[in-house]
Structure formats: structure tokens, C-alpha cells
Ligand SMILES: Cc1ncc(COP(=O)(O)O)c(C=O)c1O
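Taking the form predicted alone, here's one chain by itself in C-alpha cells.
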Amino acid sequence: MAAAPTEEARLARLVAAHERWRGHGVFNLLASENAISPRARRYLGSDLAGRYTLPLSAEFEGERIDNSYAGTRYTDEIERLANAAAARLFHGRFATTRPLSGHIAALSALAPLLPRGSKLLAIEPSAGGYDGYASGFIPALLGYQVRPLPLASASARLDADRAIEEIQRERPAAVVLGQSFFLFPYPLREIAEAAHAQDALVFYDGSHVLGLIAGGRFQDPLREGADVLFGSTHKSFPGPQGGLLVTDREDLFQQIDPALVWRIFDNAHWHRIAALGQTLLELERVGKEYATTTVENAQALGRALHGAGLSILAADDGFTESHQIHLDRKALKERHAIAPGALARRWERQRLITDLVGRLGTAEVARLGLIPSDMPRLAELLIRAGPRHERVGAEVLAWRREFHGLRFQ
């Protein structure tokens, strides 16, 4: 009998199997994921991955120091480069790439700027908002009250008049915009004007649409009135998992930046910051083309699926202006007798990856090289594998193998 494999060998096999499966064997339509460029991936595996610093920017025994460790001459410059690229790309003057996720980036903005007891307005999870802003999560942690911004459904546009009425009635300390189900830009100028008239701050959580903002395709939050923009860097933004924060207001950044270390986090992940810097620089070059292709793919996929009988929300409004399209979950159950989660499992077995809550995203397939004219073919495979419950995995794999490398890098 052969010797039992070691756990290290088993781990190596699992990682290799994942690389083959998710990296080369499927079409990924998860709205929350993307593919990073080979150069950014190399930086993630560089010597930076094991390095650790504690930025102090303080007096220590009579000496002014900015870091508690020596040997950081290159990491310091990497951070400055990445921060400068983020500020340029998102039209701000001040940026930090230290937040370890979009959620941490939100905490990095909210905690220093809003005292306990503050009232927030945010879109409810039941209308497509981010769960973290619901009453039991970030607001509970930081002692905030949270009230809903009116949104009819996860696929509706935010109504400026109703939002302004709510701002004037509730008089919040801040309005938090951003959604997990995110199809359309906001009437941001009007909302910001109303909020600022009440001395409220406007935070824009761009986690899902950050790559589209970078490409100038969705909206321009800081120029349209948001005080702080933050978000995750691995959804429509094709970078490593992590977060960033940008603002044009020096007074706010002077409160945010010193409050991060030993409050929100202590260390920054330098390999991630280097990979994020690389992605920011890539999007300065190719972001417009990438974002345009991604959005046009989503619109074309929505049309093709809807035309084939799979109900997609917001059909009367062009389906989407982001990288997402949303299944009509009620119609799915009524017409096809299947829930979104079960449909996603059918697709997964046929090498088509989506989430279990009815969102499809086109960011990663755009990076692979699919264009709007490919969407009818992709829609046909989704229809056959899903509602018709056919086996199309071999066709999907053969098509996937036609795409080598990544576009937009």
C-alpha cells in the first residue's frame, strides 16, 4: 500500500486544482470578483509579502520618526506611489491604500469623522444596500443610528426628490451611498447639495463600481459632491483583495489618516499595496476601454438573456449601467420553478460561475477578452445549462480555452 500523502502534498494539489478550475476552466460571472494582471500577481508573491512595518509619524524619545522599523526605504516609496496614483485616478488630492478591505476602508472613514450617536442614512439591504451599514453591524459597532434612504427595489434608481426629503426630515450627520446590488449611478450632485445644506457629510462606497469609476464610465463621485470615496479593489476594480480611500478635502484627511494606525489596523500589507499600485497605473492607461467593454457586455448579456426568456430586472431601463445584471428572482420561481441559488449550482456544474443571490457580473469576462458580440453565445449557454438543465460543460471549457492571458493591462 502506498504511503498516505502528506498534508503539504494535499495542500499543493488543492491549490493546483483550484488554479486549473477557477483560473482556466470556467467563465467567472461573479460580480464580486475579477482577475488581476500577471505583474500585479508577481508583486503579491514578492519579498514584500513577508515584510512588516508600523508607521508611527510621532515623537519617540525626543526623535521624530515615521516608522518603527529600518529597512523600509522601498516600501515607503511604493506606498507613496500607490497613494498618488489613487488620488489621480479618482480625482482627489489625498488617498490611502492601507485599508485591508472595502469594509475596513468604510470604518477608516466613518470612525474618525462621526462621533458616537451620529445618525446615518444608507440604503437598506432589502433594497440592495450593503449589509454592513444595517443597524446590527457597523452602526452597532460605532454607536450610530441608521435610517433608510428610500429605494423602491434593488434594481431601481435612487429618486433624488425622495432622498432629499429624507435628508431634510432626518437631518443626518452623514449620507452613505453605495450598494451590493448596484445597477445605476446616483443623482449625486442633488443629494450632496441637500446633505451639505444640513452640514452632513456624503460618503460614497464604490466597492462594486470602483473599476467603472476609474474608467470614467459610471460616475465621478468626488467631482459630483461626495466628501470621501472608498471601496474594495477586487470587484469591478481588477486588483488584489483590499481597499482604498480618497478625498479632496484636506480637513477630513487630516482626521482620517492619523486615526488609522492602532485604531482600525496596525500594519499595512505591502505586497498588496504594490499590486494595487500596479493595477491603478494600468487603469490610468486602459481604464476607459476596460470599463466601457465591461458595461456594454453587461447590457448585451441582459438583452440576450431577457430575449431568451430569462427575466432580468430593469429591462425598461436598459438593464444596467454597471458591470452587474440582476435576475428577476420572483419571475424565476414562477416561470422556471427554481430559486437563484439552485440555478447557480446548475451553472457551476457546467463551468459557469455566479453568486447564489441572482447577480451576474461581466468584469472578469471582459478582462479575458469577451466583447458584446460574444454575449448572445454566453447567454445561450446560461439558458441551456440553467433553465433547460442541459450539460454544456464541455462546450464551455472548449470556448474558455480559446482565451489566453488578459486584456486591459
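Just count from 1 along the sequence shown to find any residue number. Bear in mind that the values here come from a model prediction, so they are computed numbers and not experimental data.
Separately, the form predicted together with this ligand exists; it is not shown, and the next lines address it.
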| property | result |
| --- | --- |
| Partner-facing stretch of 80-88, 283-291, 231-239, 305-313, counted where any non-hydrogen atom is within 4.5 angstroms of this ligand in the model of the complex | 231-239 |
| Partner proximity in the model of the complex: residue 102 to this ligand, non-hydrogen atom cutoff 4.5 Å | yes |
| Partner contact for residue 319 in the model of the complex: this ligand, 4.5 angstroms, heavy atom | no |
| Partner proximity in the model of the complex: residue 247 to this ligand, non-hydrogen atom cutoff 4.5 Å | no |
| In the model of the complex, residue 130 touching this ligand (heavy atom, 4.5 Å) | yes |
| Option touching this ligand, based on a heavy atom within 4.5 Å in the model of the complex, out of 75, 297, 96, 180 | 180 |
| Stretch 13-51: residues contacting this ligand in the model of the complex, 4.5 Å heavy atom cut-off | none |
